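Below you will find one chain, with nothing else, as structure tokens; this is the form predicted alone, and questions on how it binds or moves follow later.
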Amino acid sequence: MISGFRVARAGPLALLQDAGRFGVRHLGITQGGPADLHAWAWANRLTGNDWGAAVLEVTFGGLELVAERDMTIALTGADLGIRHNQQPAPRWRTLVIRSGDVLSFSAPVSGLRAYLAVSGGFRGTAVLGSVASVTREQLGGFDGQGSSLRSGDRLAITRSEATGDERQAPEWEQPDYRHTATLDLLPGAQIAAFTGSSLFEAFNALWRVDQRADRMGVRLIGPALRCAVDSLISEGISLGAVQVPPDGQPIVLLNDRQTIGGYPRLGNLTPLAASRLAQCLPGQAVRFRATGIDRALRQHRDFLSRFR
């Protein structure tokens, strides 16, 4: 095993994430994977990794890592006040670090989740074909149990490499997560059961991200949405599903969601919209924008074509 980093200080939540765990939902096992697919994909692209390579997802900050090898890395996603040897660390571009260098993540400035990729990728314990960490189900990660990093842990990498190649993401691919997020939503099967006034509010009101938000889902606060359907026979739940429980406040389900649910659904966020929501801090404003399946597919295929 090649150790790439030692954890000098553990933050609230730092998890290893590859592309996710698929083909297992019939077993009641969720997909895991990066909450922000966009930032995760760019971290891997900048470091020259193939699609699916494992990356470290750091939520809220508070993490300090000491390099144990010379490596080429990339930091994307949220601005968590990241510093390299006490100096501001560049984001959305490659960075060569040397053995003994220190990376520290403080607190959110813009966004919620940062992604650290290393050239060659991190090495974890695959469970059901993936190293994606799902803490609730104790799957994946560096230890095979889905654990968040702890002080003293060592992060294994596939190889030690410090190339001189400099890569940087275009400016238009570097979001400012402080802006109000517009989230593309595909109307769902139960949308006709919502009242007309609720549909108007759903797509015209500003929604606020609630404190109750994690990798399983994000609650939104706004006008109460009313639906003629109180509950349904439980059915499969996809990434980005917008469920509306009896209190009328939507819940958007993310990577670590349950596999089935019985609340009526307003619709489903596109994968990139779900990624954008995953970067919103509690209290931030978001709005829904209705979209069609053809436009959503074109957008997602265009995104994937840049990385595969």
Partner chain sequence: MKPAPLPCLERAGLDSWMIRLFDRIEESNLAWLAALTRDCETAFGDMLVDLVPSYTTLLVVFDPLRISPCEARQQLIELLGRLEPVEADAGGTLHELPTWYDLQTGPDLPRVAELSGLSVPAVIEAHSNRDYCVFALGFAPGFAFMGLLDDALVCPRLDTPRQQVPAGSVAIAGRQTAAYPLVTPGGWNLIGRTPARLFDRHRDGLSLLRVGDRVRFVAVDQSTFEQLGGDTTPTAPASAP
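Computed from a prediction, not measured in an experiment: that's the story for all the values here. Positions refer to the first chain, counted from 1.
One more form of this protein exists, namely the form predicted in complex with the partner chain; it is left out here, but the text below deals with it.
A.B. asks: Looking at 271, 48, 52, 62 here, can you tell me which has any non-hydrogen atom within 4.5 angstroms of the partner chain in the model of the complex?
C.D. replies: Checked against the cut-off, the match is 271.
A.B. asks: Give me the residue from 106, 158, 174, 238 that has a heavy atom within 4.5 Å of the partner chain in the model of the complex.
C.D. replies: Result of the distance check: 238.
A.B. asks: May I ask whether 74, 181 and 289 all come within 4.5 angstroms of the partner chain in the model of the complex, judged by heavy atoms?
C.D. replies: No, the whole trio is out of contact, none within 4.5 Å by any heavy atom.
A.B. asks: Give a yes or no for residue 201: in the model of the complex, does one of its heavy atoms lie within 4.5 Å of a heavy atom belonging to the partner chain?
C.D. replies: Outside the cut-off, so no.
A.B. asks: Although the partner isn't part of this model, could you tell me whether residue 205 comes within 4.5 Å of the partner chain in the model of the complex, counting any heavy atom of the residue?
C.D. replies: It does not: once the partner chain is placed as it appears in the model of the complex, residue 205 has no heavy atom within 4.5 Å of it.
A.B. asks: Would you please decide whether residue 99 lies within 4.5 angstroms of the partner chain in the model of the complex, comparing each non-hydrogen atom pair?
C.D. replies: It does not: once the partner chain is placed as it appears in the model of the complex, residue 99 has no heavy atom within 4.5 Å of it.
A.B. asks: In the model of the complex, does residue 144 have a heavy atom within 4.5 Å of the partner chain?
C.D. replies: Contact check for residue 144: yes, within 4.5 Å of the partner chain in the model of the complex.
A.B. asks: Sort through 274-282, 259-267, 34-42, 52-60 and report the only stretch with a non-hydrogen atom within 4.5 Å of the partner chain in the model of the complex.
C.D. replies: Every other range fails; the passing one is 259-267.
A.B. asks: Can you name the residues of 91-105 that have a non-hydrogen atom within 4.5 angstroms of the partner chain in the model of the complex?
C.D. replies: Heavy-atom contacts within 4.5 Å come from no residue here.
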